[in-house]
Every structure is written in C-alpha cells, then in structure tokens.
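For reference, the chain that follows is the form predicted on its own, supplied as structure tokens.
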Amino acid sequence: MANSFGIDIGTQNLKVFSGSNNQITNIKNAIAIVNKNQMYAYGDSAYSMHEKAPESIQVSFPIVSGVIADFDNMQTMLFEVLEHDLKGKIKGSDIVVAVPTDITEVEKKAFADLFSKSKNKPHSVRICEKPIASAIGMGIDVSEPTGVMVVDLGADTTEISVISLGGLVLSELLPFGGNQIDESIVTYLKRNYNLVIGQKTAKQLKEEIGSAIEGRGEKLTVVGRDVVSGLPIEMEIESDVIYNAIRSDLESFCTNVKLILEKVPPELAKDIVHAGIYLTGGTSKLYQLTELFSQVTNIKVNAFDEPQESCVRGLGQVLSDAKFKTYGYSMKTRIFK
C-alpha cells in the first residue's frame, strides 16, 4: 500500500511508517511557536530550543499523558511532516493511528479527528490499540490463544497490558514514565547537592549513567547552577546518585507490574511465565531495567532492540499484512460519510 501511513504519536517522539518506502521517521514531538499561533520550528530543531528559547518563542509538547493537549499545533506539525518531510499525500491515503487503551472514546476520536477534520481527507482513518501494535512490532503473534504481557514505558505514561486472542484481557495506563524519572533527578540534585539542572541534563544523566540496579560505577560531569552562590558550576555525578534519585520511581513501576500479574487468570499466567514479560517504550532502555523486573517478578524479561519503534513497526504490519489488518478499526461514530 503505497499511499499509507502508520502513525505513533508519543509524548516525546513522533514516529511515522510510510508505506511508499517502508521507512520509519522518528522525530521529537515538539513545536516552537511565535506570535501565539505561528509555527516557528518543529521536531528535533524545536526540541533543541527547549529550555533555551527567549520568551518570544514558546516550545510545547502537544501530547500530555498520552492524549492530545494541543490539537491545532499537533495537526499542523503532523501535516508538515507527512506532506513536506515525507513527500506524502494525505488525500486518499490509508492511515492507522496508535492510541493508548485506557483513555476515553472522545480522546481516542481526537487522534482520528486530526485527519478527518482536515481539508485533505484521507481514504480511511483507523485506530489501533497501542499495546497490540507494540506486540505485533516485536514479532509476537497476538492472534494465538496465548497470554502475552507487554509493559510500555513511555515519557508521560506507562501502559501494562495482557493480550490474548488478539484482544486485551487486562490493561492499565499509569500516569508516570520517563519524564517523572527526569524530574526526580532534578529534585534530588537540588535538595542534596544544591545543584539546579534542567530537564535535558537530567535526561542525559539518566541515559548515560543511570541504572535500575545499584553499583553501575560510572560518572558524568554536568554543568548546573549552585543554589547558594547562584553561579554556574561543574559537578561530577556518580551513577549511584542517580540510582538513589530514581529508586522510588522504580519501586512504583515494579509494584504496578506485580499488581497486574496478581490479576492475571491462572492459565494466562502460565503463558506469561513461559514466554516472559515484553518491555517496550523509550524508558525501557534504562540500564539494567530488565534485570530489575526479572528479580522482582521471577519471570524472564524480553527487551526489544528499538523499543521506541516497536509500536510504529506494528502499525506498518497492520497496514501491509492481511493477517493483522483487522487490528485497525474505525471509530464507532462514522468519520467519513
């Protein structure tokens, strides 16, 4: 299907599968606005302005906690990416959009409305539950009568799901993810080391020396502002400092995974123990997170090589493979007449 797109609109990243060349585009889901409503930049270039822009430029993230918070700017950016960056045509195209499971029907419809309420109407807009798309993208046959547990650790949300026979047996959307970990690092360093850093620096510390298990033994020098003097200073941070900063967040992740496991029917629990838990989402790249989950649950944990792209790869298969076509569905209210 040449004129088709699979779209995963995440809090931190926008991922698009293009049917014309089977390629995946992965850019930051950020928009820089001037004069209140004029797009100045988008994607990676807008993200590079975050925490650095003057007051005249507002950098925003249009997705908050898995739902669209800024509809107009999200639509503007999406069309810019599809029609200009990817040289695609929205008019007459087939589109599948991934949505979190535990959001309202109105919030789900907003994802489809990004296209249905545009001048260039596509041929069809279908919705696909994000956990199912992620499972398909990781090579799991979701149509089998076998229980599969997928833990999607995103930027603002964590979605824990159990899938069997192509449907969701259990699913829970938790209102915390990688951004909360970054905030915990900012708070911890300010409280214990009188060091004020930005979210980007916290993210760098998490990714480069952060660990889900104590004792990684690495260091990173960062620049921040001293609370006492108010002046910029350099400070060397050890990985165990970051571990202590995020320990309570990690405990929350583990507790919620265990709570879902306790609700799983016995026959499906047997399948999960046999196949393991599947981790996806950008936050799942945290060093030794798979080992931590294995220790807590006594179940092996499977990590995906490109966790940010598992969902959009699954959408590509929903578009191109007849076997998975039925996992994309139209909203109950007809979008096109």
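Numbering starts at 1 and follows the sequence shown. From a predicted model like this one, the values you see are computed outputs, not experimental measurements.
The form predicted together with a small molecule exists for this protein as well; it is not shown, and the discussion that follows is about that form.
**Asked** With the partner left out here, if you bring back the small molecule in the predicted complex, are A155, G281 and L286 all within 4.5 Å of it by some heavy atom?
**Response** Yes, the whole trio is in contact, each within 4.5 Å by some heavy atom.
**Asked** Though the small molecule is not shown, can you say which of E214, E172, E207, E238 has a heavy atom within 4.5 Å of it in the predicted complex?
**Response** Checked against the cut-off, the match is E207.
**Request:** Identify which of S164, S93, T201, N179 has a heavy atom within 4.5 Å of the small molecule in the predicted complex; exactly one of them does.
**Result:** Selected option: N179.
**Item:** Touches the small molecule in the predicted complex: N13 (any heavy atom, 4.5 Å)
**Value:** Yes - in the predicted complex, heavy atoms of N13 and the small molecule come within 4.5 Å of each other.
**Request:** May I ask you to state whether T297 is within 4.5 Å of the small molecule in the predicted complex, using heavy atom distances?
**Result:** Output for T297 is no: heavy atoms all beyond 4.5 Å of the small molecule.
**Request:** Give a yes or no for Q308: in the predicted complex, does one of its heavy atoms lie within 4.5 Å of a heavy atom belonging to the small molecule?
**Result:** The answer is yes: Q308 has a heavy atom within 4.5 Å of the small molecule.
**Request:** Go through 155-163, 227-235, 101-109, 76-84 and give me the stretch that gets within 4.5 Å of the small molecule in the predicted complex, heavy atoms only.
**Result:** Looking at the partner contacts, the answer comes out as 155-163.
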